[in-house]
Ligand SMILES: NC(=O)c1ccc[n+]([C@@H]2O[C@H](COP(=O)([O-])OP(=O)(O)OC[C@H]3O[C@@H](n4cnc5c(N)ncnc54)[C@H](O)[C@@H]3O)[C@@H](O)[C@H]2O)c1
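The form predicted alone is given below as one chain in structure tokens.
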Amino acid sequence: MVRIGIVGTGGMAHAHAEAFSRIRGARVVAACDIDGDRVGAFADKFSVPFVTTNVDELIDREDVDAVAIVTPDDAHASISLQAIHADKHVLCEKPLATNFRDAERMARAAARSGVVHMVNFSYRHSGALYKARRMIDEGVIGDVKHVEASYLQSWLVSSAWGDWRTEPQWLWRLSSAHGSRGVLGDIGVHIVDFASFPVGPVKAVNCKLKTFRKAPRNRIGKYRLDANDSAVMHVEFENGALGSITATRWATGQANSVSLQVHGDEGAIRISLDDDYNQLDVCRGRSVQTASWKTIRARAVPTIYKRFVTGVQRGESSQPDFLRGAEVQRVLEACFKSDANGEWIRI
């Protein structure tokens, strides 16, 4: 039995608890949050036996084998390092850290310790993405020339996810003082991983970030709404391909849409997670001349949560690990630098 403690009990923590509850051999045994009422309600909902507002108490418990860190971004590094030093296995929410230096420290500490370490790039749940990577590696679409990837959300213009103007779980994501790195750190991190996992490493980036006015003086209560809302990246991959990667919360009409198109000189692949996590479209062979596409199915892959539990049981880390989290964090850091300087940044 892998006994798990969850640190941070906001909205995403519920997804963690629900996922672990469906995995044989895993059990959430402890929860921690600085908000006593919130962690109490979380524990009641998921029948968690130990509750605390002190992270030291959770990490020090002998009956906690692994820690899932689901806090605001700026707490990821310190809590992960504390858990690693206590020989706890760690599943950390993305982004791994708020800067590359901390992410690299985390990756090195985890590798030295021998604990299982993973970052929750949840769109790695897509079997289609792994199928695309195999096809690209095998040369099915030839040499990759152009890539288009986007992550589009609309919760700043829609109430479908709740009222961001009044709910802390959304407001903190708009405020750098509350640990947010904006849309780039929240969902841009996902789409950078989603695009570069099948295509290959990013070599250089030119990025524009923008924060739009959302309230008088761009402030709601204690939250200063200064984190970026939209990100547009022009990228060059190490294989020479060019591409664009975008992320925004202002995509009216798109609740939560993740898509990728990879174009080679002998074919193309496209994935839309709106359709199916295990479905992709392929254009190759004679279809290239008629620009026609064939839909194919990919084998489903285990969730990050399942891979993490299995990794703890076997004593070996699975992908995506902290090293991968640090690689993506390097790209994000280059994006912030590019936006500040208005120039291409080599990774």
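These figures come from a predicted structure and were not determined experimentally. Numbering starts at 1 and runs along the sequence shown.
One more form of this protein, predicted together with this ligand, exists but is not displayed; see below.
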Given that the partner is absent here, does His76 sit within 4.5 Å of this ligand in the predicted complex, heavy atoms only? yes
Is Asp35 close enough to touch this ligand in the predicted complex, meaning at least one heavy atom pair within 4.5 Å? yes
Is there a non-hydrogen atom of Gly11 within 4.5 angstroms of a non-hydrogen atom of this ligand in the predicted complex? yes
Considering non-hydrogen atoms and a 4.5 Å limit, does this ligand approach Thr71 in the predicted complex? yes
So this ligand isn't shown here. In the predicted complex, which residue out of Ser175, Thr246, Ser113, Ser122 has a non-hydrogen atom within 4.5 Å of it? Ser122
Name the residue from His190, Arg224, Arg133, Arg105 that puts a heavy atom within 4.5 Å of this ligand in the predicted complex. His190
Would you point out which of 317-325, 42-50, 25-33, 288-296 contains residues with a non-hydrogen atom within 4.5 Å of this ligand in the predicted complex? 25-33
Does every residue of Ala195, Asn239 and Arg330 put a non-hydrogen atom within 4.5 angstroms of this ligand in the predicted complex? no
Go through 92-117 residue by residue and record those having a heavy atom within 4.5 Å of this ligand in the predicted complex; state none if no residue qualifies. Glu93, Lys94, Pro95
